[in-house]
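Below, in structure tokens: the form predicted on its own, a single chain.
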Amino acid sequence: MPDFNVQVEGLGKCYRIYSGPMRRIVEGASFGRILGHRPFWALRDVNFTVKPGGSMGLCGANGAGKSTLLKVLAGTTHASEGRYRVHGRVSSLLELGTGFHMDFTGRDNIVSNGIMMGFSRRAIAAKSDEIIDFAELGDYIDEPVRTYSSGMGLRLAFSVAMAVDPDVMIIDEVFAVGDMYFQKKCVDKVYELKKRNKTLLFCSHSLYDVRQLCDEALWLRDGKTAAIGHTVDVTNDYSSYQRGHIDEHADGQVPRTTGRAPVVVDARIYRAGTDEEVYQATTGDSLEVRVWWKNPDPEQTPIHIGIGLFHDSSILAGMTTQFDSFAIRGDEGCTVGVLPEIDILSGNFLIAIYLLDGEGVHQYQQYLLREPLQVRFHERAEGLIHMRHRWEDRSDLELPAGLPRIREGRHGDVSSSGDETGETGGWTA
């Protein structure tokens, strides 16, 4: 068995750009002696390896080559140079509706997609109930796919792709549609694949999703590798690039600055009142999140700072200096968010720093701390928050009037009506 599931070496993809149809005809008629096109390299000299159980996130602007790379690896288009090797069964979600016949029903498309993936009709029939249950389309499963919304199409496509039980799963920005319930269901399924040592290639404009789902990240810019490495490092570099790009092309909606845009220089967690940097804490500890920042033009670009604590795909808590009417002044400094006696229970929590404009609307930067905060609670408890509580014995309190009557001798049998002395049996308050 190889020690990788995906290996890419010097991969490139070149498209031919013709100025008009006649140029294409002339080139064809001359058997290529007269060139009528100009080459456009959508992808050039890309190299990376993903081991079994690993996950690679792709980030970059529109047109950077992310989707082209995934299409090459999925086998839907050919590479122009270099080579790649994919070990195991591949399943991909590249574009919603790809491979679906719009006039076929959802059930018919399950069969046709399964056959295209190499399954027999018998094998697809055995998986159909599982696919339909996961998609939760109800009676719409027997309606034409052209009547589906984009979210319904995602449900069906994702369900079919997951039923294949792939060794390599390729996902391209499909979580942008669909309701939050099904998005969470999809994310849970992806986590399940990772736990089973499957490989994930994930492309998204949501850097938070990339950080949550992927161990490593690849930033593509103009078809070439701009950065590759640990997810936090690469996404922070990409965020800084985006921030500078926004500042260069600022319009009326984004305040112009005389120099660089506001920036978070560094952020770390300390034990409150000390200089001890900590990323492991116990419920009840007091912590400080110290944020060092620079703002070249505080008069024109007032700023606010936000702190977000995330667990899995949910935000546990969030706070901003704007909500608390705390003013940030000067062109550089350190703002400290004090978290006294944290009531968080055991778990790992990502901490993100947000640099916001004076209205708290525009986000200049999202800065993720390099290490998650590990919290431990040494008592028995459930959930994520330690709810302060106590128990009391108040047997002297009487039941409120008007409660439903309860049948004697049958636990949990509750009725709101009945004759106290009739054939229905004895009733007690």
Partner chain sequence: MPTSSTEELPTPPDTDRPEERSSAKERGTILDVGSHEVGGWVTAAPPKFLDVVQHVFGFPRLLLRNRDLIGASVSRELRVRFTGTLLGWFWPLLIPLLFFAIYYFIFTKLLSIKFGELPEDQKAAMGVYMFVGVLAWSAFGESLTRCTGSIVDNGNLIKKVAFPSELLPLNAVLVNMVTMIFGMVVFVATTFITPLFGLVVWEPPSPTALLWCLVLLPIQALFTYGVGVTLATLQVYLRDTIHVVSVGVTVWMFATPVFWAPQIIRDGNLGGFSWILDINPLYHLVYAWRWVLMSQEPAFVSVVNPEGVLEVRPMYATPIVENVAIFAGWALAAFFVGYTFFLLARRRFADEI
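No experiment lies behind these values; they were computed from the predicted model shown. Positions refer to the first chain, counted from 1. C-alpha atoms forming the largest set that superposes within 1.5 Å between two forms make up the rigid core.
What comes next is about the form predicted together with the partner chain, which does not appear here.
With the partner omitted here, the residue from 154, 203, 350, 73 that has a non-hydrogen atom within 4.5 angstroms of the partner chain in the model of the complex is 73.
Contact with the partner chain in the model of the complex, defined as a heavy atom within 4.5 Å, holds for exactly one of 224, 194, 268, 89, namely 89. When contacts are defined as a non-hydrogen atom within 4.5 Å, none of 211, 230 and 340 contacts the partner chain in the model of the complex.
None of 380 to 388, 51 to 59, 24 to 32, 394 to 402 except one has non-hydrogen atoms within 4.5 angstroms of the partner chain in the model of the complex; the exception is 24 to 32. Although the partner is absent here, residue 329 is not a contact residue: none of its heavy atoms lies within 4.5 angstroms of the partner chain in the model of the complex. In the model of the complex, at least one heavy atom of residue 189 sits within 4.5 Å of the partner chain. Proximity of residue 118 to the partner chain in the model of the complex falls within the 4.5 Å heavy atom cutoff.
Though the partner is left out of this view, residue 78 does reach within 4.5 Å of the partner chain in the model of the complex, counting heavy atoms only. If you take 149 to 169 and check each residue for a heavy atom within 4.5 Å of the partner chain in the model of the complex, you get just 164.
When the rigid core is held fixed, the Cα atom of residue 288 travels less than 2 angstroms between the shown form and the other one. When the rigid core is held fixed, the Cα atom of residue 192 travels 2 angstroms or more between the shown form and the other one. In a rigid-core overlay of the protein, residue 109 has its C-alpha displaced by at least 2 Å between the shown form and the other one.
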